[in-house]
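Shown next as structure tokens: one chain only, the form predicted on its own.
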Amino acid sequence: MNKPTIKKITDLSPHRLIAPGTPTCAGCGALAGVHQIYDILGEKSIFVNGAGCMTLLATYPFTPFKGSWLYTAMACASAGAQGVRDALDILMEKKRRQSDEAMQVVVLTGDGSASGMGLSATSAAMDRQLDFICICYDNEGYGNTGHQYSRSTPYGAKTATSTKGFHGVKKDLFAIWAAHKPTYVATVTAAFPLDLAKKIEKASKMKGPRMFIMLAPCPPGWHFDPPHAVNMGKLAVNTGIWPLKEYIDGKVVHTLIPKKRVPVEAYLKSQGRFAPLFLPGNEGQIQAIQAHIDDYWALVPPS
């Protein structure tokens, strides 16, 4: 009797991440972005993946990349990256690896970790000027455990733990990371692939801490149909609610300024999670969100 053939994920060619049947949600904005990033960084990268949605890509003993993959607890991906980077540097120093075998160490973490329990480890890594790339896929909640609110959840969003709408304010992780004065910080989204590609390529040629916050529209958590995932990313940028920008050489530069911003109501209406904002008597909350966006862009110099 012939034994069944098992297709290893690492046999997939080239620079493709996942095998058919991998348990990720249809329309996942994080997965779309990781695909694009890996196409650029390729096999000469070691991904250190903090617990979260993207750890569902790996099924023991297989990993989703042709390159290397390390799984860590949610709070310590950046600490794990330190160990990996140190090990690689020691191997280079001992001539056990050649210069053309230099590897990028890449942290992959969700917003729950990046803006909460993992913030301390990442802050310490930046303080040490760790030579790594850190990618936060921001689906604005703890998506892997039922989409509870995180410190990246926007005001008014309904989650499993804020059923009447979140009353907090989304933490400005870009400003927090930039305050550490790392080599590079950028916001991206898979809905604008050219902007994403340019930033990843730029960062790949640098040394030191290089930080990315990637908006990751989440169909089950945000309550929209999977085919509209790319449109969610475009609306986020075109309403101005998700500025595409980068911090480099001590300055913040916006890489895309919408010529005419779409009213934020169009973005909010497209997602069921913002339904509480459209209940009678809440009109002022939508106006306040729009005013906050307008105030932000009023301070951005024209391109």
Partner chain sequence: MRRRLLTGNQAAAWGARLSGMEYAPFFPITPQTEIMETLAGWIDRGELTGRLVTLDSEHSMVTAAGAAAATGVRVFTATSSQGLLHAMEMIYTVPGWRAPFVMVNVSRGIASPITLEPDHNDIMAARDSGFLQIHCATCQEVLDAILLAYRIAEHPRVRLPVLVNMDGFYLSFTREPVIIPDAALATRFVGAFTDDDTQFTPRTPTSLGVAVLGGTPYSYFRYQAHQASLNALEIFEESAEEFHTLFNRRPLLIEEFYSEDADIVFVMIGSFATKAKNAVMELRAEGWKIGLVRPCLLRPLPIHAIFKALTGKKGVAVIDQNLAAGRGGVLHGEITGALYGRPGAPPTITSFIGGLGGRDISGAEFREMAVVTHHAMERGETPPPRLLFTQAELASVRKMQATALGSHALPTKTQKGEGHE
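Nothing here was measured: the structure is a model prediction, and the numbers come from that model. Numbering follows the first chain given and starts at 1.
Beyond what is shown, the protein has a form predicted in complex with its partner chain; the following relates to that form.
> Give a yes or no for E93: in the predicted bound form, does one of its heavy atoms lie within 4.5 Å of a heavy atom belonging to its partner chain?
Within the cut-off, so yes.
> Given that its partner chain is not shown alongside this chain, does T161 nevertheless sit within 4.5 Å of it in the predicted bound form, heavy atom to heavy atom?
Taking the distances in the predicted bound form, the answer for T161 is no, it never comes within 4.5 Å of its partner chain.
> Decide whether E201 counts as a contact residue for its partner chain in the predicted bound form under a heavy atom distance cut-off of 4.5 Å.
No.
> Taking its partner chain as it sits in the predicted bound form, is G208 near enough to touch it, meaning that at least one heavy atom pair lies within 4.5 angstroms?
Although its partner chain is absent here, G208 would stay clear of it in the predicted bound form, with no heavy atoms inside 4.5 Å.
> Looking at 79-87, 169-177, 148-156, 209-217, which lies within 4.5 angstroms of its partner chain in the predicted bound form, counting heavy atoms?
Within 4.5 Å of the partner lies stretch 79-87.
> Could you tell me which one of I133, A186, A121, M232 places a heavy atom within 4.5 Å of its partner chain in the predicted bound form?
Checking each option against its partner chain in the predicted bound form, the one that comes within 4.5 Å is A121.
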